[in-house]
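Structure 1 and structure 2, given next as structure tokens, are two forms of the same protein chain, each shown alone.
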Structure 1
Amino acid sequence: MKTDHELIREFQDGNNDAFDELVKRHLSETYGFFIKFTSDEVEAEDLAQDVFIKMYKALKKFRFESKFKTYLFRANINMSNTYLRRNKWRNLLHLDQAPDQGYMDTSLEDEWRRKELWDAISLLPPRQRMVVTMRISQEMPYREISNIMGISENSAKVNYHHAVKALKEKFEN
């Protein structure tokens, strides 16, 4: 089985089948990331598709300075931030819809909490942001995070600890 970097090189040399193989290899993880992020299958499919469309264009210039999986997670994070900005106003426009008597709709409040959390995560230093995103959205063990990012397992734990501490301080204020 070819490595991601070998497939990217083939794709850069004009082999579109190599890109198709990358998509097959990483689509379920990307879709899973967005499912946890949005809790909406259709939105998750659209976001995953958008990420791979961007990857199709960006991989022509890929410099092999990081692992593809790390590059893909960065793209997922960027797409998540775009999604949050794009949907901020859509969520506000539904405020005038009154829920049925006796039914308390907390979906908007939950969406705002999720947005507030992801906005705060997006402000973390890059390494902390990557570790937290992989732990929260993908529920990855530290060992796998360390392999993807090329850091020690202990470094992944420390980055996660510092990120959580910073997030707690932000939400306490």
Structure 2
Amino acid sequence: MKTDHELIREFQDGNNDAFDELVKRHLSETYGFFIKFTSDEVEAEDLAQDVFIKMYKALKKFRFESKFKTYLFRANINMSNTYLRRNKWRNLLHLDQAPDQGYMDTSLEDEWRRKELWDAISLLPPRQRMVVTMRISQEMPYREISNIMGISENSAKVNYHHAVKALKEKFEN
């Protein structure tokens, strides 16, 4: 089986099938990242599509300095930040559509809580937001997070700790 870098080289040499192979290989984890993030199949597919469309352009200039997986994950994080920014206003405008707490069924309640949680995560400082996103969407170990973000493992742990503390304070209040 060809490695990601071999496929990218072939794609850079004009073989579009190599790009398709790369997409198929990483589709599940990319889609998984966004489905956990949005809880919406259509939105998750759209976001995954946007990421791969950006990849189609960006991979032509890929310099093989990092693993493709790391590169793709950074793109996912950037896309999720864009999504959160884009939805901040939309969420504000739809606050009146929050389900009535007394009549919610369990799945709707879970979904609403998850939405509330992601909205709160979107308000965290960028570094904390990235660490939390990676921890909860991919259950990524701190070592891998530190590699992707270019920070130390301890710094990743501290950022996660601060983020959880801030979220707890927000929801307890």
Partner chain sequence: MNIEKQFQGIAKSQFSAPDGDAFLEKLHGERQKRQQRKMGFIHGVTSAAIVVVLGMITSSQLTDDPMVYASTDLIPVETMDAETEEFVYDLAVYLVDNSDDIWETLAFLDEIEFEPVVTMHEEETE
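Nothing here was measured: the structure is a model prediction, and the numbers come from that model. Structure 1 provides the reference sequence; residues are numbered from 1 along it. Heads up, when I say rigid core I mean the largest set of C-alphas that superpose within 1.5 Å between the two forms.
*Asks:* 1 or 2: which is the form predicted alone?
*Replies:* Form predicted alone: structure 1.
*Asks:* 2 Å or more on the CA of Ala18 between the two structures, with the rigid core superposed, yes or no?
*Replies:* Superposed on the core, Ala18 moves its C-alpha less than 2 Å between the two structures.
*Asks:* Does Tyr142 shift between the two structures by 2 angstroms or more at the C-alpha, the core having been superposed?
*Replies:* For Tyr142, whose C-alpha is compared between the two structures after core superposition, the shift is 2 Å or more.
*Asks:* Could you tell me whether the Cα atom of Lys69 shifts by at least 2 Å between the two structures after core superposition?
*Replies:* Not so; Lys69 is displaced by less than 2 Å.
*Asks:* On a rigid core superposition, how far has the CA of Asp119 moved between the two structures, in Å, if you could check?
*Replies:* Its C-alpha shift, to one decimal, is 8.2 Å.
*Asks:* State the core-superposed CA shift for Thr133 between the two structures, in Å to one decimal.
*Replies:* The shift comes out to 3.6 Å.
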